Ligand code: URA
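Presented as structure tokens, the chain that follows is alone, the form predicted on its own.
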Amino acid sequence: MRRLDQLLSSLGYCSRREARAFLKQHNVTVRGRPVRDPTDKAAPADVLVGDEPLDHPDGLLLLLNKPLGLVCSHDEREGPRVYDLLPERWRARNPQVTSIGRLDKDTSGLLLLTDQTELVHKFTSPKHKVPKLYRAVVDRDLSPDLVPLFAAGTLVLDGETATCAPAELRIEDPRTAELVLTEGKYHQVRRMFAATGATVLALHRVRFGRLTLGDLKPGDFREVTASEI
């Protein structure tokens, strides 16, 4: 059971300060009974707003096909954000919807968004070793020698002392490759190729764990079900 003002504000309907006015302006019921007192307590499953159940009271997990040019920051000063693609109510949720790991502005592809902190930990904790598949296009021909080098787990990135975890590299053509990582160092794919003398020209995340984009178009998103993870 939760206070209505806390419940409504956590799901992005209004702020706690606005809850009393929200209850007056909208048909909010608990088990069919109209409510006007924001301090009343209710189970989320018993609450209707305008005859509709509450919007994802158990949390959000979304799969987004991130377009180029968007940042994963919440700071509007950094430019267009992935969160701007979401409905306004979802952007107002508390805890706020955040990305599970990040893709930089010049990287496209599969990005997970959630307001469930336990899922962020599950997908990003190094001990879980969730595989992530990237497709990279580089500026020079790739040597087959990079396959055992990346797999050996001996590569050290510029500015670091710890080695990268073993990674699976598959060279599709001389300048295109797929790379599977189980860790998430800062700009890791770009820095791994840079350590071998290659510059990444295009980067796209194809898979995250068992999740793939399917036919999802850039800028579109869908909900992820519990059975998928």
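Residue positions are given as counts along the sequence shown, with the first one as 1. This structure is a prediction, so every number in the text was calculated from the model and none was measured.
Omitted here: the form predicted together with this ligand. The next part is about that form.
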{"item": "This ligand: the contacting residue among 47, 203, 64, 61 in the predicted complex [heavy atom, 4.5 Å]", "value": "203"}
{"item": "The single option of 54, 171, 189, 164 touching this ligand in the predicted complex, heavy atom within 4.5 Å", "value": "189"}
{"item": "Heavy atom contact within 4.5 Å of this ligand in the predicted complex, the stretch among 135 to 143, 153 to 161, 86 to 94, 104 to 112", "value": "104 to 112"}
{"item": "Within 137 to 175, the residues that have a heavy atom no more than 4.5 Å from this ligand in the predicted complex", "value": "none"}
